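Shown here is one chain on its own, the form predicted alone, set out as structure tokens.
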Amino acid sequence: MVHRAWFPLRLLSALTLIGTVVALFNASHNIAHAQISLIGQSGFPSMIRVAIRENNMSGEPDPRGRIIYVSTVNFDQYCRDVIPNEWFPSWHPASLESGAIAVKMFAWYHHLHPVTVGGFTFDVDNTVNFQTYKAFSDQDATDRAYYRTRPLAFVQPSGEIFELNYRAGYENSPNWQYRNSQKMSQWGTQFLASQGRDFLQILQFYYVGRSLVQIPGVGKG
């Protein structure tokens, strides 16, 4: 996909919807609450249900748009089609690898916690309400980052699968303001990678107190 200058910067405003829209889902819609899911007890997803919302006037998926249908998508392909829409493929490999793990864990958590809205049951939608998904938009650089980190999960010390939230943040900064809120800055990952941090050090900078573990039975693909 051609790089679009608006991309992570749009999250400064649009991804603030995650805190409100998903909270509204939780408060006002039928949610199938899964039991606490631990690595080794919850199998790696093979598929994920994606609600496809109508586009806005500019042709982009509208977070407030009506749901048109729900698509069942291969989980690996879903992650590959999210990463280049949430991270610039031209960014440092360590930044892309940290992003690949965040995208995967966010998707995995929501796969375990589906929602029902307007008669549609799904795990995520294709907008910034969850993560921006565009079918078959994967790129070589982000695919490499995904498959290098595919066997790995970043979880609570107990092994609990938990979503990894992220925001755009600001360029040329580690974005310290996100560290204590357990959110990762997309621009911050690129800054830290440019300073020589590897993907694990980047994850540990933002998500304090979590652990990198091997996912049983999952290889690099």
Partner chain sequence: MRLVRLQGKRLALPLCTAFALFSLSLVTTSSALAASGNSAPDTNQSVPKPTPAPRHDPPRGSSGYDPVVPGQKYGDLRVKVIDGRTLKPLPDAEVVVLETEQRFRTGKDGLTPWIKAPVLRSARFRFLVNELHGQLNLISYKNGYRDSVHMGVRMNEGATTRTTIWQYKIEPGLDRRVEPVLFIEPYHRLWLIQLADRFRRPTQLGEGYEHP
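Positions refer to the first chain, counted from 1. A quick note: this is a predicted structure, and the numbers were derived from the prediction, not measured.
Here the subject shifts to the form predicted together with its partner chain, a form of this protein not shown in this document.
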Heavy atoms within 4.5 Å of its partner chain in the predicted complex: which of the stretches 69-77, 147-155, 86-94, 108-116 has them? 86-94
Is residue 183 a contact residue for its partner chain in the predicted complex, using a 4.5 Å heavy atom cut-off? yes
Check residue 162 for me: does it contact its partner chain in the predicted complex (non-hydrogen atoms, 4.5 angstroms)? no
Does residue 62 reach its partner chain in the predicted complex if we count a contact as any heavy atom within 4.5 Å? no
Considering non-hydrogen atoms and a 4.5 Å limit, does its partner chain approach residue 173 in the predicted complex? no
Stretch 114-138 - residues with a heavy atom within 4.5 Å of its partner chain in the predicted complex: 128, 132, 134, 135, 136, 138
